[in-house]
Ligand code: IPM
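Encoded as structure tokens, the following chain is the form predicted on its own, with no partner shown.
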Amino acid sequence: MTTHRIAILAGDGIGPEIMREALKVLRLVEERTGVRFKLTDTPFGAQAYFDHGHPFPDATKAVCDAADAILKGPVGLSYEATKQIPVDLQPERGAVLPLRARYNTYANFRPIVLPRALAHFSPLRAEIIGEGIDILLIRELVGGLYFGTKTVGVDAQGHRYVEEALRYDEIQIKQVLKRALELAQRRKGVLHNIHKSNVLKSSVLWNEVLEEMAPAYPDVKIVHMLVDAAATHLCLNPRQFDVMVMENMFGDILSDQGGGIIGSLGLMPSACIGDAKAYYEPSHGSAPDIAGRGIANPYSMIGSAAMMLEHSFGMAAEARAIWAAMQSVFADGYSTADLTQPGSTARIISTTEFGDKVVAKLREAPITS
């Protein structure tokens, strides 16, 4: 019997609520396939700081080190609560960035997917959605401005200043571009390279490296697009995109825009891939304002578990069955609170109800893996 060890980092805010629904689905996958998941809960995030003195405790690092994959919920508390944590130990700086660096999870896959049947969730017109949106946004995750040297001080005139360095080397660029080119080969053979080379020297180097790699992928058409133009085109003609690749901060911003065009970040899971290990998480935050109310959308957390099955455990068929189950719940006329538009006739269901309906749909699905 195959057993996979998974570190469970439920996180803060709505994290534990949506994680429970993802774990329901994983338990059913065990029943369906005979594969076993050894799940180990471990603290991570803002609450971990208050409980253990650090947002990424040493005990959590040991659990993650031993795991085959990591399933992570969103982190962060309210603004007032976060101010009680030293700046460098706030969860994004003190936990998330160190997690990425520890396992060199350099490629962040963020699917922006909205089938035609769910087009009513999007603020875009039906004719723009067409037959549906299916974009894989690939974000470099361990370099750039977020990881550069940061200096805070006071200048000779007594003015406060901050200086943050944006640094990339060609190895960092090559490893994420290789992933993007390979995925473009397996999909539609088109890769949109998103950059800002008219201003940033980092983008000039990025594009040079891509041009050097391109001859090894003759079946991939590379389309270069400035990041500001890409933001516009995501709204005006999102169906032109299939695989998009970009540096860290561009990917952070454009993937959130992707959540907007499909109706909610609650529909956006993600995979953070390294050569040795990966972790999987929703693309959205911890929404502490709605924590405990049972209205959070668990789609992104369940979708992150599906991505883990596919990318870490080779269970692509079971992952597809989970996606189909989640989308069929919406297609049946149900909605979560974040997706409900004024005047909608959809029946709003709770976090738990959504998870239960996904499990019921998956239980009915044929076992193909």
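All of these numbers come straight from a predicted model, not from anything done at the bench. Numbers follow the displayed sequence, beginning with 1.
The following text describes the form predicted in complex with this ligand, which does not appear among the structures shown.
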* Taking this ligand in the model of the complex as the reference, which of 283, 172, 122, 105 has a non-hydrogen atom within 4.5 Å? -> 283
* Go through 133, 138, 142, 96 and name the one with a heavy atom inside 4.5 Å of this ligand in the model of the complex. => 96
* Considering this ligand in the model of the complex, find the one stretch among 215-223, 290-298, 88-96, 180-188 with heavy atoms no farther than 4.5 Å from it. => 88-96
* **Any non-hydrogen atom of residue 195 within 4.5 angstroms of this ligand in the model of the complex** => no
* **this ligand contact in the model of the complex: residue 242, any heavy atom under 4.5 Å** => no
* **Contact label in the model of the complex: residue 100 to this ligand, heavy atom within 4.5 Å** => yes
* Should the three residues 68, 109 and 311 be counted as contacting this ligand in the model of the complex, with contact defined as a heavy atom within 4.5 Å for each? -> no
* Even though the chain is shown alone, can you say which residues of 248-271 have a heavy atom within 4.5 Å of this ligand in the model of the complex? -> 252
